[in-house]
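Shown next as structure tokens: one chain only, the form predicted alone.
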Amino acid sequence: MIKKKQIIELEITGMTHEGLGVGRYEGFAIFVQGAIDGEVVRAEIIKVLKSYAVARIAEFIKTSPHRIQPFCPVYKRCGGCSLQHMSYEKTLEFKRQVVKDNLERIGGLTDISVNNAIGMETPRNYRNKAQYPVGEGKTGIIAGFYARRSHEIIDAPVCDIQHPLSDKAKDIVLGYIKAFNIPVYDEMTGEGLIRHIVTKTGFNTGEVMVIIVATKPELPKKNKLLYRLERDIPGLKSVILNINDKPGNVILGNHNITLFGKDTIEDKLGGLTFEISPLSFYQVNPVQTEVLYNKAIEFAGIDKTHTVYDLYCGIGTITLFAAGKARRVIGVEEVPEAVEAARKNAMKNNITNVDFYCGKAETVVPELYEKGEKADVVFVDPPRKGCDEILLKTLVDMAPSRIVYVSCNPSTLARDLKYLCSKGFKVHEVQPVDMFPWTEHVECVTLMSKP
């Protein structure tokens, strides 16, 4: 019987989808933090559950040739990255395998072509958006990132996957908080003013937005903060006070007050200009976003005779990418602010063959179909929970020539592909794209059609 604090010798024969090493001890599954398949370790048991145990490495007996030294000094404590102990080439292999495993285990799809994951040439400083929780730490007020599966804030002076200006802006706001004794939020009591520091950066325009998330619509000594930010952040175009007075894990509230500059910033992607607001969704890795969307457009095979649907369209990125090749594109998005931004983005780029509908895809698309509207090609890019079955049923009835499914969650992708395949669609190709280097997350573009 496995016991807590017991030390065992273990051969790592596989890895979980979260990047934990997997071994077996007397037939019992052991998940080992930071272990790589092929390694042999002495592992200390830290948690015992009914069907498995969790362990940490006490000593290496045999190390993997893919093991490297993490570049982040707080890597073992911070929950942001999970794969920095592996070579980048190994992480790409791992992500392809995660996709393949999900398609086989959940989707029952064993004969699908899963391409090698497309990685980055330089997988550092790639994030255009940073979210730093602020709180009281052991050494005073800190701003950093949450520990894995915890709301303990890890002090991270520098994060090498973020844009460098994000850390600089964070340090300026943190310095202001300390200098003027601004109260920070306490999750336990609900007291305090400042909850998060959020930054958004236009990689191709250099424009920067800094968002202060607070519980009240007043910021003491705000001009002192604005002076420092304007002086020391190149490209600063917007400082927003976002009001969130509700308990829970949601970072941003719905009310914004512009303290400096514009309400939005702009970035360029694939020759198009996009307006980015505090609440709008915009992919966090602009280099790989262009790779992802170009692959999606390639899979779609659009021509000037096609009507295209872009479902869960956000601020209209794929919509506008597709518009230059299609007769007409319809974007559907349930967030009103994102729909407004999508319409503005179409006007900004002088694109006139697009229409946007505000509402849930599983509501809007059946309504359009009942009115006789059909699509030749459909893009779906849902959140992690995947597509609603009502939407999938409507797509089956509509029978577009191609469905291009963009997914950030291989498990719900596999579930939805299983449904579509059971209704006569066929998966032709799956292309993983590494949008989130050094984390376990992977994005996929999948091409389907009905023979």
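A quick note: this is a predicted structure, and the numbers were derived from the prediction, not measured. All residue numbers refer to positions in the sequence shown, first residue = 1.
The same protein also has a form predicted together with a small molecule, omitted here; what follows describes it.
Thinking of the small molecule in the predicted bound form, which stretch from 331 to 339, 117 to 125, 98 to 106, 299 to 307 has heavy atoms inside 4.5 Å of it? Among the listed stretches, the partner-contacting one is 331 to 339.
Within 4.5 Å of the small molecule in the predicted bound form: all of His151, Glu187 and Ala214, by heavy atom? Verified in the predicted bound form; spot residues all out of contact, no.
Does the 4.5 Å heavy atom contact test between Cys313 and the small molecule in the predicted bound form come out positive? Judged by the heavy-atom cut-off of 4.5 Å, Cys313 is in contact with the small molecule in the predicted bound form.
Although the partner isn't part of this model, could you tell me whether Ala361 comes within 4.5 Å of the small molecule in the predicted bound form, counting any heavy atom of the residue? Because a heavy atom of Ala361 falls inside 4.5 Å of the small molecule in the predicted bound form, the answer is yes.
Spell out, yes or no, whether the shortest heavy atom distance between Ile318 and the small molecule in the predicted bound form is within 4.5 Å. Yes, Ile318 is a contact residue.
Is there any non-hydrogen atom of Tyr293 lying within 4.5 Å of the small molecule in the predicted bound form? Judged by the heavy-atom cut-off of 4.5 Å, Tyr293 is in contact with the small molecule in the predicted bound form.
Identify, from the list Asn256, Ser82, Asn204, Gln283, the residue with a heavy atom within 4.5 Å of the small molecule in the predicted bound form. By the 4.5 Å criterion, the partner-contacting residue is Gln283.
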